[in-house]
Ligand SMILES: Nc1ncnc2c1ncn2[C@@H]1O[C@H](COP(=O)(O)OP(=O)(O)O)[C@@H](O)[C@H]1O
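One chain follows as structure tokens, the form predicted on its own.
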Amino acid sequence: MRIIAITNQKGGCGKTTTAINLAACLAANNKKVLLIDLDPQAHATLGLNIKNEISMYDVLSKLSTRKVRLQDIIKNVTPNFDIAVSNIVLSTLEQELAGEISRESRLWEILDGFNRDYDYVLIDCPPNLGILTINAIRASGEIIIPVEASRFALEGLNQLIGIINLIQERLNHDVKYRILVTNFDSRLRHSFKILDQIRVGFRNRLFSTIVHVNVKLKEAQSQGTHIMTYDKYCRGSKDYFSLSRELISQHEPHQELAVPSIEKKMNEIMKEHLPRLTEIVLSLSAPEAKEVYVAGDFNNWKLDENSRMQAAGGTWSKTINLKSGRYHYRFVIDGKWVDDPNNPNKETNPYGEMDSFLEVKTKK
């Protein structure tokens, strides 16, 4: 049973969104998952439209008049996905545990004697570095730190890592942390700059998956459900499903993962249309450039990892597969938009600048 705390003291970083939707996507991979809502704000509980009088407070507290076990407060969300609920009363536990010996190990003691057949236990922590968060870190073998691509998020990240290292030292508890970039806005050049800083500073601690800004994730929470139920075909669903596969593959690299109907359908569509696609290689000589993207009609003019070009000896290139039709495009060199100097086919766009265009004819 892998126990993973999801924590960041900075609010608005997608911590609860990650906890809920990662749990749902792990469940979609036929993994049995328990999400523990350890946040007194109970956003995970409320975000899944679940109400319960007893909560994690009654499990952790020695003063509660309701003597309950962890299994007594667990509610089923969807197949393979359960939640241990929270409520505002949990906020009183900070003071209650303040004078107790081994107060930082209360949750660890409960989970150590918890005999249920779960593959994963995810812990959604409160947005602070108090005793509840320390309990979650102590009880976990792994930590996921959701981080936005912003300067203030980076400063808070260093503070959190310092706390993790302190807990490891003082409690002699080995815990591994990894960083997940969330709320990534690919329309902003600033987002890519911060992403590069994170990659340089935490290269070996960074998930390959990036969670992009997607309104469907917020809509799902407002409807009291997770993204796999609300819209399993959206970008948010794709990102969290990719994260779940990456997480599973860390410990099970040779296991054949269950493929849900969404991915099977996508594979079928790809097989159906791939023979009618034409491979196009776009290239540009820019030896001084630090980053180059290609954006056009074929990718909705988005600047993201999928549109980043690869450099080799000062020449940047990108291979794309296109159906028949006309496609306008431009290169973005270190933030500056330019047309393709190697393509004589150009048209003036609505902004008075030149777009390059391709005429693609696929073989039948």
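One-based numbering along the sequence shown. Predicted model, so just to flag it, every value in this text is computed and none were measured.
Not on display, but discussed next: the form predicted in complex with the named molecule.
Annotated contact segment (heavy atom within 4.5 Å of the named molecule in the predicted bound form): 214-222, selected among 150-158, 134-142, 214-222, 84-92. By the criterion of a heavy atom within 4.5 Å, residue 352 is excluded from the residues contacting the named molecule in the predicted bound form. Remark: residue 183 counts among the residues lining the named molecule in the predicted bound form, judged by a heavy atom distance of 4.5 Å or less.
Of the heavy atoms in residue 13, some are within 4.5 Å of the named molecule in the predicted bound form. Taking a 4.5 Å heavy atom cutoff to the named molecule in the predicted bound form, the one contacting residue in 17-42 is 17.
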